[in-house]
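The data below hold one chain only, encoded as structure tokens and taken in the form predicted on its own.
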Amino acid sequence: MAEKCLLSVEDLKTYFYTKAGVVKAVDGVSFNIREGEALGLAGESGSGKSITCLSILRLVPQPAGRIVSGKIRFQGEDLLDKDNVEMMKLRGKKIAMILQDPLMSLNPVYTIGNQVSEAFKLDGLKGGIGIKQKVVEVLSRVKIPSAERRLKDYPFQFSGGMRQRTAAAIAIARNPSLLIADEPTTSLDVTIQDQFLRLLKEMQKQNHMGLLLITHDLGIVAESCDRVAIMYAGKIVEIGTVRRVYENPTHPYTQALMKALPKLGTRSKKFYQIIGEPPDLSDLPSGCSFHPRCPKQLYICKEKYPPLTPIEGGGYASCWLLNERV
């Protein structure tokens, strides 16, 4: 039996209006996530991954940032039709987010126990032994050692890995249907990173939770996700199952990312690198945004943006090389 669609994003556009011009941070993004599915959103820094997720939660920085158009349907309801009060009830309860930097998301003047308990208080639970037990339980779930003894500690007394796991505890405390994780392993060493990714998969399996994982690390995507969407200059240029995209990358940008991955058993004095720099989102090149860096560019790439084209094996890519009429 096919899983229900949990989240559907259709032609989402989020722009920032600045003195330097209009920054098209998210420019026509579409994807969906089914119940229990993990989707990786990957690409270079500045490609629009985080703003896509902030748009889903309606937390785009204002007044400069605006969701210009599109639809964001969660469990069948368009989030863009909801007012601020309705969105506040939905955030944390139905959709939760782990931010990239736990030092920014955790308040330095409140204890760990106080900050985690706030999630339960939002559901109407009163303070006391009952809520303390729930806090200890959720901290234990994210593998905080001696959780009961650490409730009165402050964030600065935790290591980077423990702070990140605490942020995860706050996010999962209310058993959300969708968890958005924005670069959740940035501050973790390799050993703790592996433990944290296993934890995310465990939580996802236990709660049948949808997961949107933002990262620039394709190794993390391979380990944790069912499908992957590759973003470049505010657009998704390729999407498909992790296996198909990794075995048969279709868009030249995806191919370049895969080529840049180090491979075990090979000896090379130089790693492959993609020439050039990502474009200025307030002054995008004409046609395909990747064409100035693309070794396979055609004449039409400079003139028109390519449509999404179905790929054999599943998924889509946006490249003129796939269009038979070129």
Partner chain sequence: MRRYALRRTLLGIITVVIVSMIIFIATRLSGDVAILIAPPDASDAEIQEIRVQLGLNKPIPYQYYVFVRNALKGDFGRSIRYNRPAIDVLLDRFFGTVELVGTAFIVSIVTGVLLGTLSATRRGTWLDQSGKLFALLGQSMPGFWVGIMLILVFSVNLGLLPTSGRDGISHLLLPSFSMAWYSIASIMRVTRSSMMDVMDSEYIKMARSKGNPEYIVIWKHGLKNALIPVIALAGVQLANLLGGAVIIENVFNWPGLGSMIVDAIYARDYPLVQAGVFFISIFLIALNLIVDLLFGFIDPRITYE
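Bear in mind the structure is a predicted one, so any value in this text is a computation, not a measurement. Residue numbers count along the first chain shown, from 1.
Omitted here: the form predicted in complex with its partner chain. The next part is about that form.
The shortest heavy atom separation between Leu178 and its partner chain in the predicted bound form exceeds 4.5 Å. Using a 4.5 angstroms limit between non-hydrogen atoms, Glu118 touches its partner chain in the predicted bound form.
Contact annotation: Ser159 falls outside 4.5 Å of its partner chain in the predicted bound form, judged by heavy atom distances. For the chain shown alone, Gln75 is not a contact residue for its partner chain in the predicted bound form, no non-hydrogen atom being within 4.5 angstroms. The stretch among 136-144, 250-258, 208-216, 94-102 whose residues place heavy atoms within 4.5 Å of its partner chain in the predicted bound form is 94-102.
A heavy atom within 4.5 Å of its partner chain in the predicted bound form is found for exactly one of Val68, Ile300, Ala64, Leu59: Leu59. Of the residues given (Leu284, Leu54, Leu39, Cys294), Leu54 alone sits with a heavy atom within 4.5 Å of its partner chain in the predicted bound form. Contacts to its partner chain in the predicted bound form (heavy atom within 4.5 Å) from stretch 160-178: Ala167, Ile170, Arg174.
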